[in-house]
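This document opens with one chain alone, in structure tokens, the form predicted on its own.
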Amino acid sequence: MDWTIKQALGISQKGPMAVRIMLRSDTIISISGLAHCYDLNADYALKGIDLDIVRGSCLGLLGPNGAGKSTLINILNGVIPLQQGEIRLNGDSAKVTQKQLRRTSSIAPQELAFYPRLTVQENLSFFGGAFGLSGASYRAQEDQAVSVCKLASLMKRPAGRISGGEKRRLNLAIALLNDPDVLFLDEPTVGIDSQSRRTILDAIIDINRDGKTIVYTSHYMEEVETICDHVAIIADGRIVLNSPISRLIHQSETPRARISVTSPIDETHQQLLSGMQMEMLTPRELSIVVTNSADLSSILAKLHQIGLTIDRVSYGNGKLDDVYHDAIRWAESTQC
């Protein structure tokens, strides 16, 4: 396993469920022992989640499809009731209710959640009313959301006729209307062009810089590296990594080369490479410790010599994408 996973979790001593990391004492949401099962005859979707979300932070909540991210988000938004465990807000000792969670948070879901036949302005007005906003209070919140999401020129246009990136910005603006303490963003840049993606990421950075707490889910690791300060990775209903991002991607002890080849690496190939500090990631991908660029050149030459054709090479200290895949592989290897 990659050194970053061991350092972040202390896996060799305790295992992932024994680790609980808090950045500071000013947690806005504290989760302890949270478990959820949709069917009494089914496996648990969440299996004892412990997690502290710090006020003003941007938490990257990561994991493969089906890992439990959506279930956790829906519980924290008061969409589905808490079955087992505790959720506390702002350090209070009392458990929270679904109603309190709904008042505290808001979500921009992955699915577009507005009415395409209404104009952008009509959608904002409708959802503002659903949040109980009116008069000067609503106008102030609408102005702020429109400004942050750059929607001023689109207000009179039907929401169904604006571009994909503009629809994502409207989705975000609606989630901002009730000025939530915690903003949940579920894949907010999926399926849009790079310029629209940059606009949304800039808006999220500004929102977080102004003090809003954000929980961000994405499969784009470069986005998470850019905007998040902390990461929690869920696999099979459990938190398998919980750490500041800076600890994961800036403290690598040794640089490694991640090399993909066009055909499977069989046992014969592995025997010929046995003298290298190597780890098989997939049948067509391996990770090798590399001390310098000259060493990398000799490694690539060796792979070519034994009949492997290079498809892709990345080289350097740890990146979040590597850490993520290491954590998921470790979780899969330790499942009962």
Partner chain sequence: MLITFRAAIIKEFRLLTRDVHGVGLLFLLPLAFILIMSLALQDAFASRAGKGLEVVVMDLDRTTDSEQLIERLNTHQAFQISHAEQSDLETALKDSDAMFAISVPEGYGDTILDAGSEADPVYVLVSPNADKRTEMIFVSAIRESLGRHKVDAMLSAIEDSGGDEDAFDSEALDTPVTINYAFTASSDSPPSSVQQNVPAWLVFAIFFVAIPFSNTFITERNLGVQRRLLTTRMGPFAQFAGKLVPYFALNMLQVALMFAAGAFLVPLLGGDALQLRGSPIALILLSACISLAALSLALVISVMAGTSEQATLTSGIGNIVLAALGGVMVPRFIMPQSMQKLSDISPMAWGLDGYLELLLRDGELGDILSQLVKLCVFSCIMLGIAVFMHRRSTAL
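Positions refer to the first chain, counted from 1. Remember, predicted model here, so these are calculated numbers, not experimental data.
Here the subject shifts to the form predicted in complex with its partner chain, a form of this protein not shown in this document.
- Judged by heavy atoms within 4.5 Å of its partner chain in the model of the complex, the contact stretch among the candidates 190-198, 230-238, 114-122, 142-150 is 114-122.
- This chain appears without its partner; in the model of the complex, the one residue of 255, 160, 81, 164 with a heavy atom within 4.5 Å of its partner chain is 81.
- Only one of 260, 90, 226, 134 lies close to its partner chain in the model of the complex, with a heavy atom inside 4.5 Å, and it is 134.
- Although the partner is absent here, residue 248 is not a contact residue: none of its heavy atoms lies within 4.5 angstroms of its partner chain in the model of the complex.
- At a distance threshold of 4.5 angstroms between non-hydrogen atoms, residue 108 is in contact with its partner chain in the model of the complex.
- Although the partner is absent here, residue 213 sits far enough away that none of its heavy atoms falls within 4.5 Å of its partner chain in the model of the complex.
- Although the partner is absent here, residue 244 is not a contact residue: none of its heavy atoms lies within 4.5 angstroms of its partner chain in the model of the complex.
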